[in-house]
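Shown below, as C-alpha cells, is a lone chain in the form predicted on its own; questions about how it binds or moves come after it.
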C-alpha cells in the first residue's frame, strides 16, 4: 500500500512538472501569436518592410515608420552593453580572483540591492546627474551644445541598470571554474594575470557571452528610466549626442492614449512584436555563439 502511494505521488509530481514545462514552452509562442494577431490590421494595409524602413511617424496621416524607434533602441542598448560589459568582467575578476572572501560577501548584497531598485529611481538619478553632466561637461568638451537628453544619457543610465544582472552571472561563472586549472597554470610559471588572461577568460568565455546576451535582452526591454533621459524625439539618431526614442518608450508613452486614431493600436502592437523579435534574434545569436565557443575549447 505504501509502495502504491509513493508511485502515485511520483506520477503526480511528474505530471505537474511536464505541465509546467509545456506552459513555459507555450508562453513565448502565445505572446508572439497574440501580438501578431493584434498587428494584422496595419500589416494588411502596409508592407512590413516599408514599416521597418520608413522614418515618417505621422499617425494622423496614417504614416507609421518604425526606423527611428528601432535605431534608437539599437543605439541605446549596444552603447550601454559596451559600457557595462568591461566593467562587469573586470569587477568579477577582482572579486573572485584577487579580493578576500569577506569583500565578496559584502559586495553581493549590494549588487542584489542595485538589481532590485525600481527603474524610476535610476531615471531620476539620470535626470539629476547624468543629463546635466552631459549638457555642461561632456558635450562642450567636444564643442557641441545639447540639452543632455540624449542617446548617451540613456546608455549610461541603462548600463548602470544592467551591471548588477551581468555581474551576478559573471561572478558565478568565474566561481565555477575548477581551481585545478589555476593551480596548473601557476605551477608551470605563469603569472596571476597570465593565468586569468589565457586560462580563466578562455574557460569562462561561453558564460561571458551568455551574461552579455541576457544583459542585451534586459536592456532592450527597459522603459521608464530610458524614457526619462533619452529625449523622446522621433528622428533617426546619427550621434550619441542626438535625442532618441526607443521602442519601449514609444509603447509606454502612447498605449492607452490617442487609440481613437485608426491603426494606432495596431501600430503599437507591431512595435511590441518588433521588440519581441529583436530580443529573440539576439538570444538566438548569443546561443549560437556559446555553442561555437564551447566546441572550440
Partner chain sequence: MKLKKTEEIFFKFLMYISVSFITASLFLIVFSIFYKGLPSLSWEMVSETPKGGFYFGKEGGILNAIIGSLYLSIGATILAMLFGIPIALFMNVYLRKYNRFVNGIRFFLDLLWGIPSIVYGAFGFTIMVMLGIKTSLLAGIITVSIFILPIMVRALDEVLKTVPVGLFEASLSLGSTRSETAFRVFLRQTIPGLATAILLSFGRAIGDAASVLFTTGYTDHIPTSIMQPTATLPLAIFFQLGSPIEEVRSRAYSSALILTIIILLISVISRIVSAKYNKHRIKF
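All of these numbers come straight from a predicted model, not from anything done at the bench. Numbering follows the first chain given and starts at 1. C-alpha atoms forming the largest set that superposes within 1.5 Å between two forms make up the rigid core.
This next part talks about the form predicted in complex with its partner chain, which is not shown.
**Student:** Sort through 144, 113, 82, 186 and report the residue having a heavy atom within 4.5 Å of its partner chain in the predicted complex.
**Tutor:** Contact with its partner chain in the predicted complex is made by 113 alone.
**Student:** Go through 160, 74, 209, 139 and name the one with a heavy atom inside 4.5 Å of its partner chain in the predicted complex.
**Tutor:** Contact check passes for 160.
**Student:** Heavy atom to heavy atom, is residue 117 within 4.5 Å of its partner chain in the predicted complex?
**Tutor:** Residue-level check for residue 117: yes, a contact with its partner chain.
**Student:** Can you check whether residue 125 is within 4.5 Å of its partner chain in the predicted complex, heavy atom basis?
**Tutor:** Residue-level check for residue 125: yes, a contact with its partner chain.
**Student:** With a cut-off of 4.5 Å between heavy atoms, is residue 151 one of the residues that contacts its partner chain in the predicted complex?
**Tutor:** Judged by the heavy-atom cut-off of 4.5 Å, residue 151 is well away from its partner chain in the predicted complex.
**Student:** Contact between residue 48 and its partner chain in the predicted complex at 4.5 Å, heavy atoms?
**Tutor:** Flag for residue 48 set to no.
**Student:** Hey, of 40 to 48, 237 to 245, 25 to 33, 59 to 67, which bit sits against its partner chain in the predicted complex at 4.5 Å between non-hydrogen atoms?
**Tutor:** Result of the contact check: 25 to 33.
**Student:** Going by heavy atoms, what in 92 to 110 lies within 4.5 angstroms of its partner chain in the predicted complex?
**Tutor:** Those in contact are 93, 94, 98, 107, 108, 109, 110.
**Student:** Once the core is aligned, please say if the CA of residue 27 is shifted by at least 2 angstroms between the shown form and the other one.
**Tutor:** Comparing the forms between the shown form and the other one, which are aligned on their rigid core, residue 27 does shift its C-alpha by 2 Å or more.
**Student:** Do residue 287 and residue 164 have their C-alpha atoms closer or farther apart in the predicted complex than here, with the shift being 3 angstroms or more?
**Tutor:** Distance between the C-alphas of residue 287 and residue 164: shorter in the predicted complex, by 3 Å or more.
**Student:** Relative to what is shown, are the Cα atoms of residue 170 and residue 21 closer or farther apart in the predicted complex, where the gap shifts by 3 Å or more?
**Tutor:** It is farther: in the predicted complex, the C-alpha atoms of residue 170 and residue 21 lie at least 3 Å more apart than they do here.
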